[in-house]
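In structure tokens, the next block holds one chain alone, the form predicted alone.
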Amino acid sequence: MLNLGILAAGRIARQMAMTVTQTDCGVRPYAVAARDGARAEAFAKEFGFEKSYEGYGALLADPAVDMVYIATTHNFHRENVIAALEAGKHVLCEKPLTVNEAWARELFALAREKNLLLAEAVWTRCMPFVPALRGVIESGAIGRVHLLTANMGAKLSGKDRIALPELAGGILLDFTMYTLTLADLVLGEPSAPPVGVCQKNEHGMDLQNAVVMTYPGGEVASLSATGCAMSDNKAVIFGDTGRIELCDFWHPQELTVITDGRDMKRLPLPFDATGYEYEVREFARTAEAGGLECPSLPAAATLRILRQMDALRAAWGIRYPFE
């Protein structure tokens, strides 16, 4: 069983800690590090981690740590991943892996050089709804797919991680990435770069956006995200004889299939714990087997989504000061 170390002790780190302590994920909750040593110590006591460290370097220097989950803000991901790989640790990094495709390619190359597993923690890709959704589509229950819509929104525009360029702010890397991921899971690679519009704050970060993508078979994805308002967080996949609806589409626990406009079937897909367990289990299995790529979290998918977000940022004139 792999000894897990967590870098940072914020909200996402707490979700991961709850996950690995509530259910069997194939990892042992071993250590946590934060810039504030007292915060790391309190975190370790709350969740039953054996070790706590002040500073990330101290955790990475511990030879007992086998894998690291990086839960820092987006702007730190690249340097944290490099440090962890250089220390000989397998790395599961919270999404986005980096803020651009070029840096992600460098990180995957470094992981291969070190013979270590690196994966972007896009939990959506590993969830039970993915094979169920594909099964419904492949069965022909809704006919040929023509259109996918997805929207995601919450009141986050005042938070520093969304508002500030130095933290790689904006909704694109936070919410839009999930809409792009669902489109990727259902429709695959688009036939052209995405096009879209955005509204920016006074710092030049996108607070809400709308994106359209087209595909080789003529399919269209219409995607929107906002940090200014609560949306219904719903996705719909429209076929010529029916549709599939997903509430909280980036982590749905149910699919609703509607055929001929009237017949409705609900497919329940409850989590074992928080939903994070699926990516952790797959990562642990892959690492222990000596694999260098998780089947549900391939490097090609990470690079493809980052390429799409790079294209949108270029069109919108958004660049982070540390790039």
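All residue numbers are counted from 1 along the displayed sequence. Note that the coordinates shown come from a computational prediction; the quantities given were computed from them, not determined experimentally.
Separately, the form predicted together with a small molecule exists; it is not shown, and the next lines address it.
- Query: Considering A299, A9, V20, L306, which brings a non-hydrogen atom within 4.5 Å of the small molecule in the model of the complex?
  - Reply: Looking at A299, A9, V20, L306 one by one, just A9 meets the 4.5 Å heavy-atom criterion.
- Of A83, L110, L167, V145, which residue is found within 4.5 angstroms of the small molecule in the model of the complex when only non-hydrogen atoms are counted? Result of the distance check: L167.
- Task: Please check if R35 has a heavy atom lying within 4.5 Å of any heavy atom of the small molecule in the model of the complex.
- Result: Contact check for R35: yes, within 4.5 Å of the small molecule in the model of the complex.
- Message: Just checking whether H74 would be counted as a contact of the small molecule in the model of the complex - the rule being heavy atoms within 4.5 angstroms.
- Response: Judged by the heavy-atom cut-off of 4.5 Å, H74 is in contact with the small molecule in the model of the complex.
- Message: When the contact criterion is heavy atoms within 4.5 Å, does K89 count as touching the small molecule in the model of the complex?
- Response: K89 lies outside the contact set for the small molecule.
- Any of the heavy atoms of K95 lying within 4.5 Å of the small molecule in the model of the complex? Taking the distances in the model of the complex, the answer for K95 is yes, it comes within 4.5 Å of the small molecule.
- Item | the small molecule in the model of the complex: contacted by all of R105, E120 and W316, heavy atom 4.5 Å | No residue of the spot touches the small molecule in the model of the complex.
- Item | Heavy atom contact within 4.5 Å of the small molecule in the model of the complex, the stretch among 229 to 237, 174 to 182, 192 to 200, 129 to 137 | Result for this chain: 174 to 182.
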